[in-house]
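Below, in C-alpha cells: the form predicted on its own, a single chain.
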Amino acid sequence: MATLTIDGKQVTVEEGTTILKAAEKLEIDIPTFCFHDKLEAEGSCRMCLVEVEKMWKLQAACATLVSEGMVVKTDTPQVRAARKGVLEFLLINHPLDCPVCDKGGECELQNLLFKYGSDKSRYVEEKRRFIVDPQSKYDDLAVGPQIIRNMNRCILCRKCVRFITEIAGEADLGTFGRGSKSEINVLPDIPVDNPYSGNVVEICPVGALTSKSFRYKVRVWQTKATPSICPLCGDGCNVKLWTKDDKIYRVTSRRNDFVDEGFLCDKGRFGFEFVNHPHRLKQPLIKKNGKFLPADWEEAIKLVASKFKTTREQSGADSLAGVGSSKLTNEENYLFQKFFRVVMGTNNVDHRVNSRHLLPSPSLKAKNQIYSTTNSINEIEKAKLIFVLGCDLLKEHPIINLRVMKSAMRGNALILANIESTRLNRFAQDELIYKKGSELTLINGVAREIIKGKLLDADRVRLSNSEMEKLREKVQPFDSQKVSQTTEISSDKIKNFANTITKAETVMILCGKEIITHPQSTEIIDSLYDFLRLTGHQDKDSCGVNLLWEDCNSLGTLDCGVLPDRLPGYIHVSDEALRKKVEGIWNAKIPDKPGLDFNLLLEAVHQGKIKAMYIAGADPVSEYPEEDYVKDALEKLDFLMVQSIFLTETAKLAHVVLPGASFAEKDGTFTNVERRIQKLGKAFDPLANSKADWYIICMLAQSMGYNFDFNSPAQIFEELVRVSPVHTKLSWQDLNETGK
C-alpha cells in the first residue's frame, strides 16, 4: 500500500495504482481523452498532465504510478496552462463544426474546451484535411456496415484501435501513417465488421466515429436516456435506451462491471428496431370467418374469459393449458403461472418450447447445480482453465465470450469442444470437434483416461474408496479406441485433454444450448460434476459447471415457477406444507397433481384432452424442433389465445390475439444466467393500443371473477418474494443499479 497526497487530501491505495485512479478515489476529476480503464494506458493525449512534487516536468496521471509520500497537484496554473495548450494544439486541425457534428452535446473535446480552452484562435494557416471525396465537405468514410469515420475530427487517442485489439481480439482497425499524416483506417476490402464494432463509436471522445443508425436522426439533448436490460440473450447487459416521441433512436451501454464492463455486442446495440417496427400489433384481433378483425379490449377480454370458463365447466380444468415465455419479465411469468393455478385450476403450464428433451425440474436443493451457473460472470477470467462444451459463445453469449477471450489473452488455458469449429478457437489451447450426440462418451472417456493413466492428484481428490470404485465402474466401458471411434477425436487429443485438465489449478466448465437441449442432458451434467470431483476441482473458487441459458430471462422463468410440477422457487406441487404456505399467501387452493410439460401438452392436444390454450410471449411454431407437429396440434384446439407483440406464426393460428408490450414499454425484472436479478426501465408507454403483459393477465383474471388487483410490477415482485424461497431477502428497493 502507498499513501500519497492529492490537492491537499491524503489517500491510501495499492501499489501499482496510477495517480488517475487514486484521484478518482478522492473524487478529484482529472480530464482525459485517451484513457479507458479497461484498456492499457497509452498516455498519448497529455490531457491528464499533473504536477508531482520533486519531478521536474508535468506527468501523465493515467500512466504514472503512485509512490509512498508522493505529493500531487491537479489544478495549478502550470497544469491549467498545459491543458489549455493541449486543447489549442488539437484545434489546429480539428474543424469547428460543432453545430453539424453528430457528437455535439456529448463531445468530450467540446466540454473540456468550455472548461479550459480559449474563445480565440492564434492559428491562421489552412487546416489539414483528409479528403475522401473532393466533392464532399465532410469527408465521411464508411469503414464498416455501421461505422462512419471522419478523420478530420479525430484526435488520435487510438481508443478505438486499442479496443478492437485488446478487448474484441480483432485486427480490422488500425493506425496508418506517421506524424501529422497518421490516420485511423481499415485495410482494403476488410471493413470493421466484428461482433463488437459498435463499441468504438461509444468510446470515441469526439465525432470521428459515428453509427449509421443514429447519426443525424436526432440531437442527443432532445432524447431521454432510460436505464434498462438488453433482452436479446441471457447475459443481462445493462443498457440505456435513448428515446424521443415514443421511439428508440439508439442503445448504449450502462456500465456494470459485474456483467458487461461497459461493452455491448452489436446485436444488443443495433438490434432494437423491433420495438418500433411497423408490423407491431397495435390492437386486439378476433378471428371471424377465418380472418382477423380489429376489436376493442373489452370485447376481446370478455370473449377470452367466456371461452376459458366454458371449457373449464364442460371439460374440466385440466383441459386448459398455458405456455409462458422466457422473454417475459419475472413479474409477468409469476402472474402467468399463478393465473393458471388459481384462476384456471390446473398445473398445465410450461415455457420450454424449443426442445423435445427437457431437463427434469430441480428440487430446492439441486436448483443451483442443475439450473444455474455455479460461478459468477466476474469469476470467468480468474479460472486457470476454461472448458467450453456444446456452446458457440459468440452466438449464444457474446459478452461472456469477451470474458473468456480476456482470460485466454491473459495466459489462462482455454479448451473448446463442439460439433463444429467456432470463432473462439483463435484463443484456444485446443479444440475438440466431436460427432454430434457423442458428448457423454467424450466426458466419460476422458474420465477413464484420468483413472487409467493414474493422473489423479491424491492431495486434491476427496473421493472415498467406494465413490472411486463406483466412478471407475461407470467409465470402464469407455476405452480410448471406442471413444475415438464414437467421437471421431483422436486418442492422443483425448489423452492430452485428460492430462491438461488434471494439472490445471482451477477448472470452469461452460455448457450451452447444445447440452441443455441434449437427449442425455441430465447424464452429461452428472458426468461433468463427477469430472470435477475426479480432478479435485469441486467446491473451489473459480471452479464449477455452468449452464448458460439462452434467452434473456430463461433462469428467471424457471425460478418463477412456469413449470408443470413446481411452484415459484422450485416448490414441488405435491409438497403439502410448502404448498399450503403459498395457498395462504394467494388465498386460493392450488392443485397438488403435477401438470403436463409442453411435449406432453402437444400429445394431449392430439389426443383431444387439451381443448384450450393460452400462449403468452412464445412462438412454438417457430421455436419447436418439429414445426408441422406443433402446428397440427394448435390447429386442433377448440380455442387458442396468443399474447404477443407481433403476428407470429403461432399467433396466425389463434382465435384471439392480444397485443403485448416490448421490454422498452414496461417496468419489471430479468434474471440473467448467473441469477442476477436486474430492473428494466419503462422508456415510454405501450405503443398504440397495446398493453403490458402483466396488465393483460390482471384484466383477464378480473374478468373471470378473481382479484388480481396489482398496480405495478413492483407490487407483483413483493408478492413473489413472499412466495419463492429463491427470492427471499430481496425487495424491489434493494435492486440497485447493478442488480442482486
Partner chain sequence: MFDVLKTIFWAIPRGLSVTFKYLLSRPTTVRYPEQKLTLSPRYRGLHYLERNEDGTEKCVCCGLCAAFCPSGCIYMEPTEDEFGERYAKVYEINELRCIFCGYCQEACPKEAIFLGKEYEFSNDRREKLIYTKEDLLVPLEKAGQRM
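These figures come from a predicted structure and were not determined experimentally. Residue numbers count along the first chain shown, from 1.
Note that the form predicted in complex with its partner chain isn't included here; everything after this is about it.
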> Taking the partner as it appears in the predicted complex, which of 310 to 318, 394 to 402, 69 to 77, 208 to 216 has residues with heavy atoms within 4.5 Å of its partner chain?
Replying inline: 208 to 216
> Exactly one of 293, 131, 577, 100 has a non-hydrogen atom within 4.5 Å of its partner chain in the predicted complex; which residue is it?
Replying inline: 100
> So which of 572, 244, 472, 302 gets a non-hydrogen atom within 4.5 Å of its partner chain in the predicted complex?
Replying inline: 244
> Is residue 138 a contact residue for its partner chain in the predicted complex, using a 4.5 Å heavy atom cut-off?
Replying inline: yes
>> Within 4.5 Å, heavy atoms only: does residue 221 come near its partner chain in the predicted complex?
In response: yes
